[in-house]
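Okay, here we've got a single chain as structure tokens, the form predicted on its own, with questions on binding and movement later.
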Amino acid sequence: MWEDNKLPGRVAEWLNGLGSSLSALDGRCQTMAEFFKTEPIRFEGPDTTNPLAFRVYDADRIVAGKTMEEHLRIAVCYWHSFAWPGSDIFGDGTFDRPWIGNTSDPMGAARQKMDAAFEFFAKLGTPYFCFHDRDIAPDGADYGETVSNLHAMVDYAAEKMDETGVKLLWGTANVFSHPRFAAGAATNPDPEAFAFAASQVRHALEAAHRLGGTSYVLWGGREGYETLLNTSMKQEGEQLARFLTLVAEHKRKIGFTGQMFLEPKPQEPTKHQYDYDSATVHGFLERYDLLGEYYVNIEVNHATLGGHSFHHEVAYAVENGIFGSIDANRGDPQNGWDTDQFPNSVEELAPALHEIFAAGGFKGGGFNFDTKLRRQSLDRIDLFHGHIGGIDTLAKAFLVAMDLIEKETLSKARTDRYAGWKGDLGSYIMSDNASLEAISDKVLAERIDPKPVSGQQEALENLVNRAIWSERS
């Protein structure tokens, strides 16, 4: 007899088990789907007419004892490529992304999105990827379910990594999109928002550790202020330092050995952000005894938004021991915001790459492509065009930089320019024995009368251009 129109317990359990099996089978079927109708992207050299081929980036090419793949450590980013529908503040999404918008089965859509992402990574042939926690796993009905969703998708990502051989460069937490973070995460005036962000970062860091990530990024998307009328910069600075200290402690507790990165950015979305540029981050880390715990992940367009060149930001970070990783985005000189476009200027990239590789290259980071298609680039295949062009540009800039390093084109010019500081006078000035009075007396006694010397900027710019034009690079 049926009792109260309910199935007996065993039958209900059998049906539930059948539902789970069908759901798992559906996930496997989605895995077999092909989202990108193209063959794997190959290196075909500069003379190829194939638009879906690399002309410069040859992953296996040996340069200075390592492959190009090992030097550049290229990563595709999950969010703009697979989690963004092509919307902007004036219009809805335009992209062909069947895995976006499935609200009836959020976890099914997340698996479908991950299937598409790993198919893309594998066909593009790049060794790494990056993600935010909310890119790969949807929010649940409550925070407990949200965490469970993340754990499940991390397990699924581990399977996809085993299948494809693609590795994790870094992970991060999205503690800026949700309304709870409108006033910041670590710097929020509400300690509950701080606590929630701390929990998110904990789980995202553990996810990166679980997936063997080489590093972890903390992007302070809203760690800044909109107005000083209601802001205590001292209080918020101390909160941010406390947050970073807690994360560093947890990193050591779980045994994560990767580097930790902060990403400088001057404005957008806030009026002012506390990690304005590399020098600001450096000062902050020094002030709160966090040097050696965190390094910088430098974005090309963030540098220009801060009034610097990309070259400047990289040179500062390298020379002050805080360099970590690169976000290869460029901006548009006609726009005053972060357009996140694929790099297309060898001239812009080459000097910065010279600084990176003259100092020995990456220790844990790499080049991630946190880049957006233009909103009118509607087709899935446009993702390949964007990444191929950006990667070839990066590869060409790398070869130019390595040519300049091998020939000591810039390093010799720098050494010669500062040679006097290795001589008697320069060594004396920098010693503890010198005083302002003694140096002044020395000028009078030795009749020191310095003559200006040409910096030869134009000649050096010509040498860089010749390296760019050289067939060798």
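One-based numbering along the sequence shown. Bear in mind the structure is a predicted one, so any value in this text is a computation, not a measurement.
Although not depicted, the form predicted in complex with D-xylulose (XUL) is the subject of the following passage.
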### Message
Is residue 299 part of the interface with D-xylulose (XUL) in the predicted bound form - any heavy atom within 4.5 Å?
### Response
yes
### Message
in the predicted bound form, does residue 132 come within 4.5 Å of D-xylulose (XUL), counting heavy atoms only?
### Response
yes
### Message
Under a 4.5 Å heavy atom criterion, is residue 277 part of the interface with D-xylulose (XUL) in the predicted bound form?
### Response
no
### Task
Although D-xylulose (XUL) is absent from this view, report whether residue 156 comes within 4.5 Å of it in the predicted bound form, heavy atoms only.
no
### Summary
Assert contact residue (D-xylulose (XUL), in the predicted bound form, non-hydrogen atom within 4.5 Å, options 355, 392, 338, 119) equals 338
## Note on the structure
Checked 316, 243, 294, 219 for heavy atoms within 4.5 Å of D-xylulose (XUL) in the predicted bound form; positive is 219
### Query
Counting only non-hydrogen atoms, which stretch in 378-386, 96-104, 170-178, 119-127 is within 4.5 Å of D-xylulose (XUL) in the predicted bound form?
170-178
### Task
For the heavy atom contacts within 4.5 Å of D-xylulose (XUL) in the predicted bound form, list the residues of 312-328 involved, in sequence order.
327
